[in-house]
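First, one chain by itself in structure tokens, the form predicted on its own.
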């Protein structure tokens, strides 16, 4: 179950780019921004489902929704995709760094190359996408960056050390970017989801038993779904949070 989303009139017509926007949480964010009347583009590597999402939303939204295929671990490709998005949208006001891969990995089997590959997906693109987006935001007189972290690194989860490192690092990066970009009227905040039940999570990691166990730990006794991240993201992207930067919001149903 998810709650209805408030309308933020200032988002109408704004240029919004979402990384990993083709499925799961990203698709919920892409859908939510399109429903606000924003000009939306998203980057993903899953071509078939991303094209289907862009076509479906374009048929019902005020503006076309643009899918841009790119491997975010390739810095040149990632930054090229950001610039392409800005060109297609005609402006870039909001960047949502959502893309991630929470593969489980054992301490003893992590190699040097695996560590680098993991952070190349889960941490490095957050910086380099922001770096490419900033000139476009400056041209608009400001903007908002929303970085997706996770509560995973706070739960002592031993089965994903590289992922946990990346998600903790995103909070440090959020603080640093906020300090650097504040004078440009660019706000930088983060969201830390708890256990969000998506199709991918169910397929790879979650069982009915593990979901029930997490709900038992939550204050809110219901399953959290991708749409539960839409409201907080829209809030941080909009002028409703105009005085907020270098902050983060935890959306976990009350685990922490």
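This one's a predicted model, so the numbers in the text were calculated from it and none came from an experiment. Residue numbers count along the first chain shown, from 1.
From this point on, the text means the form predicted in complex with a small molecule, which you will not see here.
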Contact residue in the model of the complex, chosen from 195, 190, 54, 32 - any heavy atom within 4.5 Å of the small molecule: 195
Of these, 58 to 66, 215 to 223, 32 to 40, 45 to 53, which stretch puts a heavy atom within 4.5 angstroms of the small molecule in the model of the complex? 45 to 53
Decide yes or no: are 15, 138 and 174 jointly within 4.5 Å of the small molecule in the model of the complex, with each residue judged by its heavy atoms? no
Residue 70: touches the small molecule in the model of the complex, heavy atom cutoff 4.5 angstroms: yes
Can residue 164 be called a contact residue for the small molecule in the model of the complex at 4.5 Å between heavy atoms? no
If you check in the model of the complex, is residue 247 within 4.5 Å of the small molecule, heavy atoms only? no
Test of understanding: in the model of the complex, would residue 99 fall inside 4.5 Å of the small molecule by heavy atoms? yes
